[in-house]
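Below sits a lone chain in structure tokens, taken as the form predicted alone.
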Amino acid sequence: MSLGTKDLRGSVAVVGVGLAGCGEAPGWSETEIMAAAARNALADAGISAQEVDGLVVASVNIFLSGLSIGEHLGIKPKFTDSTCVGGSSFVGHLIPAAMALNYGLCDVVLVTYGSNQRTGVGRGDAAKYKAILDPLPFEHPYKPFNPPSSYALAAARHMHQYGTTREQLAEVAVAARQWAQLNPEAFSRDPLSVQDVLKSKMVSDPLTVRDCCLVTDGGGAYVLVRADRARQYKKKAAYMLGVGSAHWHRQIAAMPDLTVTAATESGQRAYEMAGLKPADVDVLELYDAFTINTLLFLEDLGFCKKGEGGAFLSGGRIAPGGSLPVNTNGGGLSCVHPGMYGMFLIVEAVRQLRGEAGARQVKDARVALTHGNGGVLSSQITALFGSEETL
């Protein structure tokens, strides 16, 4: 049997999602948070851990993470993957998981992530994490404060090249906070204005602390099955309509153009597989580690022209009540960000398609786009999900 990209459209579905330990989880290990999220996702689907025969995990800190989590949960998988390409990993995991399901290597895939980055990371751990990020030959001598310095470089270039303003970037953070205020699970829910963002502590010029993502604990998980089995579970399924991946660089000094990301390729691949275009998308979940991310991805994924992102998102367009709902849970800027955020994109997208998002629910949401970012605008992975009527 040979599978083409069109064969993957609608072939697998998410039937369970779960969160755990989001915000602060003092005393919890990463393994415990990851396992709790997994149990919640399995319970959401009505599946026992013993039914899981595919396990996908990514972690910066847990050595042999797939083996460790499998043992902790009592899972004996036929298929395991622990690929890590940064925060986009959990969107990217859809690709090998879908192939494994379609080729009959397994029947139920559990994808899970957890981190205690806020309460469990000491100075030694922080230094170790910084050592992972910084030993890059063309950047290390200049002592960057990464990752903020790399994203600040991209923001400064976009401002210089296209006239993007600090106020426009600040609107991304304000919109995220307004969504968070509708989400009882969000970590930061206090009022936030453009002036609050501009006046907050500078982290790496031109980005202030409110242009940067949260540092929280938290875990998430989703359960993936073949589409022909999706109706047998207790919740509505969200079907994978398209997925695409691309990366062009590792360190920011090697980025071909600081204003253009590989999302231009990953997005196009996902649209082509799904047979959809930006105008068909009802809700967007974009990896917003920094305010510049949201702006760049709106451009690169085709929602506005290159250089017009600042003007496009101004005036509350991506906030509650705006014409384009973006990061409806509050995003990494205001909801949760425990180191790698991509998992939470999928959880929120599924909840929106099921109509389970409460006060932040997007009316008649049928198609959701999730976009993951890994490294420093490096790994870009786009996935489109749809309700059953989109098949």
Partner chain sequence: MTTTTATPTAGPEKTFKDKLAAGSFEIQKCAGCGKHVFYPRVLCTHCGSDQLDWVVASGAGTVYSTTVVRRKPDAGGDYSVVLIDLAEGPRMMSRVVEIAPDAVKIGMKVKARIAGSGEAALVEFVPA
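Positions refer to the first chain, counted from 1. All of these numbers come straight from a predicted model, not from anything done at the bench.
Not on display, but discussed next: the form predicted in complex with its partner chain.
Remark: residue 258 counts among the residues lining its partner chain in the model of the complex, judged by a heavy atom distance of 4.5 Å or less.
Its partner chain is not drawn, but in the model of the complex it has no heavy atom within 4.5 Å of residue 119. Proximity of residue 141 to its partner chain in the model of the complex falls within the 4.5 Å heavy atom cutoff. In the model of the complex, none of the heavy atoms of residue 305 sits within 4.5 Å of a heavy atom of its partner chain. For its partner chain in the model of the complex, the listed stretch (202-210, 76-84, 306-314, 96-104) containing residues with heavy atoms inside 4.5 Å is 202-210.
This chain appears without its partner; in the model of the complex, the one residue of 183, 245, 251, 164 with a heavy atom within 4.5 Å of its partner chain is 251. When its partner chain is considered in the model of the complex, only one residue from 301, 273, 192, 153 comes within 4.5 Å through any heavy atom, namely 153. Residues of 276-310 that come within 4.5 Å of its partner chain in the model of the complex, judged by any heavy atom, do not exist; none qualify.
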